[in-house]
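In structure tokens, one chain follows: the form predicted on its own.
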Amino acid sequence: MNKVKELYDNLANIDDLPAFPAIAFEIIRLTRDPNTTSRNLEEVIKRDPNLVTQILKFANSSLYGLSREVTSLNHAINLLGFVQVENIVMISVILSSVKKLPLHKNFNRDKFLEHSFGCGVTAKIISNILNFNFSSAEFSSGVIHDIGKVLLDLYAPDCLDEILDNAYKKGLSFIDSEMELYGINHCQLGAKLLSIWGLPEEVIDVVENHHSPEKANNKLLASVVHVADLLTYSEGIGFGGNYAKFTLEEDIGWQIIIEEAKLKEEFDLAYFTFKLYEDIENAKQLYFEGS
């Protein structure tokens, strides 16, 4: 029996499937209502102290390039904008939910979350360096790109063990290992979960195609997350079960970035990678050291 395919086919019918928090839905609804004011949004966010902390943390982080300390929630909302606030809320509640789940003993939840968050940070850094404007969709998509692995851990832990063992023994990526064994992958599982939750199509598209960015509707956004995923592995930020080697210049996601962003032939890849790894190292010290 193919337990992973069975999980995919029956995902919507699982009684204890993790739910997307109601407060996050309320915030997303408000951020998309043209009549909403920052005060309206503030009143809802204030009901969750963790969300307040996260929004202030990001408002004061170098990722958003703000020059002075922000201590007021309303100030942070106005500086970041509704789109960024929505993304921060979305990933914050998902990460908080994952931390509460009864995960399998062989699945290192902390390392998984570190990799997930690291991918979002790295995607944001890439966008900053190359002056892309995704309204922070690259950050939220990067953070939740591997949410399908949580489903494997919850509902098919034996399959997850087999995928990890096969990837390790053969030097494969996680997705190549799961496709070889089961023909269904964590990208498909994650995208289906996000669809059940009713999250934005743009994010679902990236989650579904972060290992095949050439198939995404927004190829450039998916490629940024794809490359960020690879670089996060190479920097040793967390763990997601990937044992394959890669070369940036030969990667399809990087080629799409070069082509679709219309980067000139004389683009200085050496300086780009130096700057990228420097910024990633700074982010590691800010977010991951001692965690």
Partner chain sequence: MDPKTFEELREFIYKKSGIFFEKSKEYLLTNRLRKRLKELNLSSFEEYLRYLKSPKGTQELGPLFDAITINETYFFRHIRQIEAFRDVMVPELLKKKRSINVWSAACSTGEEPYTLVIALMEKYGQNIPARILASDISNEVLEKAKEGIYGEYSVKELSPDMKRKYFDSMGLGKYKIKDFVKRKVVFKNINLLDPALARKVGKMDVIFCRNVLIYFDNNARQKVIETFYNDILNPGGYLVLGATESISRLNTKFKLCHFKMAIAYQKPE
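Quick caveat: nothing in here was measured; it's all calculated off a predicted structure. Residue numbers count along the first chain shown, from 1.
Below, we refer to the form predicted in complex with the partner chain, which is not included among the displayed structures.
Checking Lys245, Arg68, Arg47, Arg39 for any heavy atom within 4.5 Å of the partner chain in the predicted complex turns up a single hit: Lys245. Across the options 248-256, 31-39, 50-58, 218-226, residues that bring heavy atoms within 4.5 Å of the partner chain in the predicted complex belong to 248-256.
Under a 4.5 angstroms non-hydrogen atom cutoff, the partner chain in the predicted complex has Tyr277 among its neighbouring residues. The shortest heavy atom separation between Leu269 and the partner chain in the predicted complex is within 4.5 Å.
Taking the partner from the other structure, the partner chain in the predicted complex has no heavy atom within 4.5 Å of any heavy atom of Asp16.
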